[in-house]
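In C-alpha cells, one chain follows: the form predicted alone.
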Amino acid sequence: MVLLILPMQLQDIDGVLEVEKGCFPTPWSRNSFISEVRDNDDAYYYVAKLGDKIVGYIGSWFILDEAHITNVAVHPSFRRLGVATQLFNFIFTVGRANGINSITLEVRKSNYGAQRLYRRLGFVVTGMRKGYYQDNNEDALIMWKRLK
C-alpha cells in the first residue's frame, strides 16, 4: 500500500486524535487541532494515510524564514516503517518551497528513539529547555536543521 501525505483537513482530526492518544501522555485536544488547521495562517499540518487510515501526522509553523515543528507522531502499530522520515522529508520540501532556511523542534530528553531519527535527518542539539514538558517537568532538547 502506498503512503499518501496530504494537508490535514478538519475531517482528519478524529484519526489524528487516535494517533495522538496512542503516542503522548498528554495529547493535544480536538480544539487545538481545529484551531491550528482552521485559524492559524502560519500552520502547515499534514497527515500520512495508508488507504483511509491516518497512520501519522506532522505539524509546523512557518515564521519568516524559519519553521518550528509543533508535533509529529506515528501510530505505534506503524512505527519503524519510514512514515516519520517521509513526513519530515515532505515538510522539508514544503519548507524550502516557502523560503524556509532552518527548522527547529523540541524533543524529550528521555526520547532516545526520536533523537536518533532527528539526528539521522540532520538535526543537531543546540540547547535545552528546563522543565519544558508540563506532564512530568522533563527537560527538552532543542534541535535545529539547516535546509539551505
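Numbers for residues come from their place in the sequence shown, where the first is 1. These figures come from a predicted structure and were not determined experimentally.
The form predicted together with a small molecule is left out here; the points below concern that form.
For the chain shown alone, residue 79 is a contact residue for the small molecule in the predicted complex, at least one non-hydrogen atom being within 4.5 angstroms. Within 4.5 Å of some heavy atom of the small molecule in the predicted complex lies at least one heavy atom of residue 23. Proximity of residue 38 to the small molecule in the predicted complex falls outside the 4.5 Å heavy atom cutoff. Contact check for residue 85: a heavy atom falls within 4.5 Å of the small molecule in the predicted complex. For the options 43, 94, 47, 117, the one in contact with the small molecule in the predicted complex, meaning a heavy atom within 4.5 Å, is 117. Contact with the small molecule, judged by heavy atoms within 4.5 Å in the predicted complex, is confined among 94 to 102, 58 to 66, 108 to 116, 30 to 38 to 108 to 116.
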